[in-house]
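First, one chain by itself in structure tokens, the form predicted alone.
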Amino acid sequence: MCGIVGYVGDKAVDTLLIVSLERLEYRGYDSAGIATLNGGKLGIRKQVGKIQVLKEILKEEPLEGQLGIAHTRWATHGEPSTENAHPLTDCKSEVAVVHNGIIENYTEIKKELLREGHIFRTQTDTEVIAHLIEKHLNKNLLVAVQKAVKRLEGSYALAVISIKDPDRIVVARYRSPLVIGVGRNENFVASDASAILNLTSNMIFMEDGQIGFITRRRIKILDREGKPQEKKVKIVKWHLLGGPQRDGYRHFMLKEIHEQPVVIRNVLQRRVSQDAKRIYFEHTNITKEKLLNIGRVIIQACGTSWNAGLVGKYLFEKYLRLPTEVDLSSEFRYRMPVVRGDTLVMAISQSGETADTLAGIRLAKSMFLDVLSLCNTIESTIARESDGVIYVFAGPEIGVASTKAYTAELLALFLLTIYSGRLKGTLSEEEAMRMLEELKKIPYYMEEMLDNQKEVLECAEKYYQSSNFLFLGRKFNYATALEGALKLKEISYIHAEGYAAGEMKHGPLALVDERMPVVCIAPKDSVYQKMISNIQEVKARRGKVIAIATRGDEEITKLVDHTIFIPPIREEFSPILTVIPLQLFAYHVAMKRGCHVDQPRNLAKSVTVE
């Protein structure tokens, strides 16, 4: 989950690399470093901590040069330290390497290199790469890297420089993303297009097993066997809502929570015709005939995207009459699923680079199944490897705890359900039109809720010192309970669990006492009375209840300790509203506990390692 950038050209290399690296800090913030080549000398600055620490060091000790590489780290092998920070070097400090991924056979390689007399200075798996390159390096860095990567097992995205071959950056990719940015008399490399999108919109997305190099005026890409590959340049334009500026908000997460009405409104305008008779999905690439013949759906995803997928299950089964299962990608990839040719596999991923979800896609493809993905990142690996993709168009999401991408994923699932229901005839035209009219109201409902946070703030003030929380929901809002609990534990470090409310009597009820806050998602829907029964069970054990309820519900206010209201909305669309106060609650609790909201400990935004 580390971030890599590289540059060769005439601009101030250290400044350009740091600015680009800041756009990748969501990938890791344990430590950061930069290496440049200048006049045949290798200069390195690196430091434990966030990129801002490195930035201050570079003000005092700048690095000049014609090219350079940089890295922000999320630690896997070796604790966060200046010593373990990238770039890493060989014995003679003639080679510098930055790496995203995990080298699974590094222990075996390290033992071999130690016997040969190599000196290791870190506890990382990456350092073996630098020494393997040193072992094979004469003057041609590309050849040395080619020989080195043949020994590696696992995953890697690499950028390498050396004083012995000072005019180029050698790059290689296997199971970790890497993109080359094409400029005029300058070229770039990065883990993610967003890092360099302000510098160029011309991108080459490297494929698995490819290796190559960039110089100021030249780009070369080879396959695993060393055969030259066509350089497929794509123009990436992502001038959508969001970006690396907080725009007056204290944190990116708060900004992204408040961006949700605009995201939903923009997507509806993009996807739904003015007369609401057509829904547009421009990149699905799956024919209507195939969609009509789908007999089963498997949704696989991780974290927040898995929670969105759970809502999709209820939608597809209710409105499309399709048997649907939702599996964690980290489990799906190791299953031996029993499937037929009419099974559609759906992958959901904000980043489009989640390693386990990508592995699930490759498993499905190996079984000759069609894959349709919901993804937020244009031209990501998941988007490129799927048969079709529905971009959710949430715009860049910087906060590690996903907010606007989640509601954008829900909207995509709503629209896909309506589109497919019309196609299959399981939804009448009149009902589809009514659903679309209801969707158009959602941005206004969201704005109304965001403008009035009084109850959320009061609850945060009262319960921020609690050690444990339970979140309960049923049917469509079971997913909301899971997502609310996930948000709270991600950024406030409070132990929180989401449960299907009907499971309370099967264990969790034993935890309830006067010190246990229980958040109950209880809008007026088909399971409302069941939720009321659950609330009474909690109150009978002296638990404190925070209810997310439909505006105007006087009955529930008499039963609970606190009520946070949402506008009335169709049952199946309620998760897109009920989650808003839970996002805000998690944010305000984290603020009161003094937590780092945008960069919670031990987590990173894009999980590109297994």
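In this text, residue numbers run from 1 along the sequence as written. The shown structure was predicted, so the numbers you read here are calculated from the model rather than taken from an experiment.
Just so you know, the form predicted in complex with a small molecule exists too; it's not on screen, but the next bit is about it.
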Residue 348 within 4.5 Å of the small molecule in the predicted bound form, heavy atoms: yes
is_contact(residue 490, the small molecule) in the predicted bound form, heavy atom dist at most 4.5 Å: yes
Any non-hydrogen atom of residue 303 within 4.5 angstroms of the small molecule in the predicted bound form: yes
The small molecule contact at residue 257 in the predicted bound form, heavy atom, 4.5 Å: no
Residue among 162, 381, 124, 402 with a heavy atom within 4.5 Å of the small molecule in the predicted bound form: 402
Answer option from 436, 416, 486, 197, heavy atom within 4.5 Å of the small molecule in the predicted bound form: 486
In the predicted bound form, segment of 295-303, 95-103, 132-140, 513-521 with a heavy atom within 4.5 Å of the small molecule: 295-303
